[in-house]
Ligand code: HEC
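Starting off, we have a lone chain in the form predicted on its own, written out as structure tokens.
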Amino acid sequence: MRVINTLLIVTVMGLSAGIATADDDLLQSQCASCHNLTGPVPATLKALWERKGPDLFYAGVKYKADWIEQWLQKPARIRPAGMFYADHIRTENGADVIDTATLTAHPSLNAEQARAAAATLMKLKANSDLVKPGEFKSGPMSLASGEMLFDKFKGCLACHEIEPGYGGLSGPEMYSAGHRLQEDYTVSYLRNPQAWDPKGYMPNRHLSDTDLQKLVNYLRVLAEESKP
């Protein structure tokens, strides 16, 4: 009986390892050319400018699994001007505009691949020590109050859209952030962006705990209101 149990354990472990390897191979073949899957974050501006897509080695503490799975099947650009926007700007009639011809479309996965990729990405939990589980507190927030805080007091619209065509283009759009990002991660990131990405462009606004909660609640309301 002990021999049979041992063989069963070895077989199950072998199958699990095979599944993990298959999923890892999927990430390597589909994601590694543009995304950092192992860390660390860029240590120099040159490395930052060469970043093709967001780092994914802490995807499991940043993104929501269901969003990843859905997005991978129907990718839609989150950063209107690309990861490093200076590479995708041209001058037209005296103004800077996005040169869409320089932007590369993200490959799409089928449902099975997307499910496997999402499950594997959720296992990547580097920097989890920066996140305090349960720190976000859901509370009431109106769109008008949230936009005032987001725009007039914190200047976020300079880089981020809160609806298509309204806001800056150099950062990721924010009207889907509530669906895309885990709330505890968002609180942590907004508190100290440089703890996550020391060379990143996101400024530290030194937000109070009250404003942090308000902003994340605003992003949740904004996402619900922005559903197609």
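Given the structure is predicted, the values throughout are model-derived calculations rather than measurements. One-based numbering along the sequence shown.
The form predicted in complex with this ligand exists for this protein as well; it is not shown, and the discussion that follows is about that form.
G171 belongs to the set of residues with a heavy atom inside 4.5 Å of this ligand in the predicted complex. At a distance threshold of 4.5 angstroms between non-hydrogen atoms, H179 is out of contact with this ligand in the predicted complex.
Among heavy atoms of R191, none comes within 4.5 Å of this ligand in the predicted complex. This ligand is not drawn, but in the predicted complex it has no heavy atom within 4.5 Å of N36.
In terms of contact with this ligand in the predicted complex, the residue from L124, M141, V131, A117 that brings a heavy atom within 4.5 Å is A117. Within 4.5 angstroms of this ligand in the predicted complex, the stretch 51-81 places a non-hydrogen atom from each of R51, K52, G53, P54, L56, K62, Y63, W67, I68, W71, L72, A76, R77, I78, R79, taken in sequence order.
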